[in-house]
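Take a look at this single chain in structure tokens; it is the form predicted alone.
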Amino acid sequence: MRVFAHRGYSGKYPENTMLAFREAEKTGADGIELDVQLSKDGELVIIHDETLNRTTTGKGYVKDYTLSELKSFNASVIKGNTCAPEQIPSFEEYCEWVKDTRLVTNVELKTSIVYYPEIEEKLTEMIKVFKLEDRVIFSSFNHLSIVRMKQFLPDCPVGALVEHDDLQFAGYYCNKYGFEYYHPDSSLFTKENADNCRQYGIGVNSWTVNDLGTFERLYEWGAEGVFTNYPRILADWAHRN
């Protein structure tokens, strides 16, 4: 089973920062999950929330600031005074770093609340520039975005994220629309849906798994991967089994 560091090594370091990504690689994780939005000047930036308030010293929507302005905010404040200041990374900055690693990247398009114009086209261009086509998965709660990504990069796998409940007959649904993966909340995912996904050849990557009990249950159900805030613990277990 593959272990993805959820927003990097976010259990210990400021989420979605280059520090969290670099430290995640050191744990032996197989991949990194991150979130992509667009700045006011159309640059791809890595941040989870549509607003800056929770994770940075900024206030308001990401979309209302240029990349330069976003870089002026401290993205380490979510961890209090335990880390030195970190910037919001651009996706280009991340790609420049990750291309020289073995990591697979799950890119979540944050388009459910703010639908960023041409974000799928911009991601496609960046992936091609850094030749990451064989080491990327695209996911989104807005399934129209992953349909678009399949149009631009048909050989890159995509995953359908769901949030509020387990999507019944998820395997059938993903197969019907050409999605390779189903990405459910681990607390809501059922054995019945695991079997349905296996029936239709759909891989399961579940979030957010921070305990061995849940990890073992998903392992027994045949899940392909998990997203975790604590990649060191789960990567050690996964690579021993």
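Quick caveat: nothing in here was measured; it's all calculated off a predicted structure. For every residue, the number given is its place in the sequence shown, counted from 1.
As for the form predicted in complex with a small molecule, it is not shown, yet the points below apply to it.
Enquirer: Even though the small molecule is not shown here, does Arg148 get within 4.5 Å of it in the model of the complex, heavy atoms only?
Expert: Heavy-atom contact with the small molecule at 4.5 Å: absent for Arg148.
Enquirer: Decide whether Leu161 counts as a contact residue for the small molecule in the model of the complex under a heavy atom distance cut-off of 4.5 Å.
Expert: Yes, Leu161 sits close enough to the small molecule in the model of the complex that at least one of its heavy atoms falls within 4.5 Å.
Enquirer: Contact with the small molecule in the model of the complex for Glu43, defined as at least one heavy atom pair within 4.5 Å: yes or no?
Expert: Glu43 lies outside the contact set for the small molecule.
Enquirer: Using heavy atoms and a 4.5 Å limit, would one call Arg198 a contact residue for the small molecule in the model of the complex?
Expert: Close contact is absent here: in the model of the complex, Arg198 is far from the small molecule, nothing within 4.5 Å, heavy atoms only.
Enquirer: Tell me, which of Trp97, Phe141, Phe130, Phe152 has a heavy atom within 4.5 angstroms of the small molecule in the model of the complex?
Expert: Checked against the cut-off, the match is Phe141.
Enquirer: Of Phe189, Trp207, Phe179, Phe215, which residue is found within 4.5 angstroms of the small molecule in the model of the complex when only non-hydrogen atoms are counted?
Expert: Checking each option against the small molecule in the model of the complex, the one that comes within 4.5 Å is Trp207.
Enquirer: Of 122 to 130, 104 to 112, 67 to 75, 84 to 92, which is the one stretch near the small molecule in the model of the complex, taking non-hydrogen atoms within 4.5 angstroms as near?
Expert: Of the options given, it is 104 to 112.
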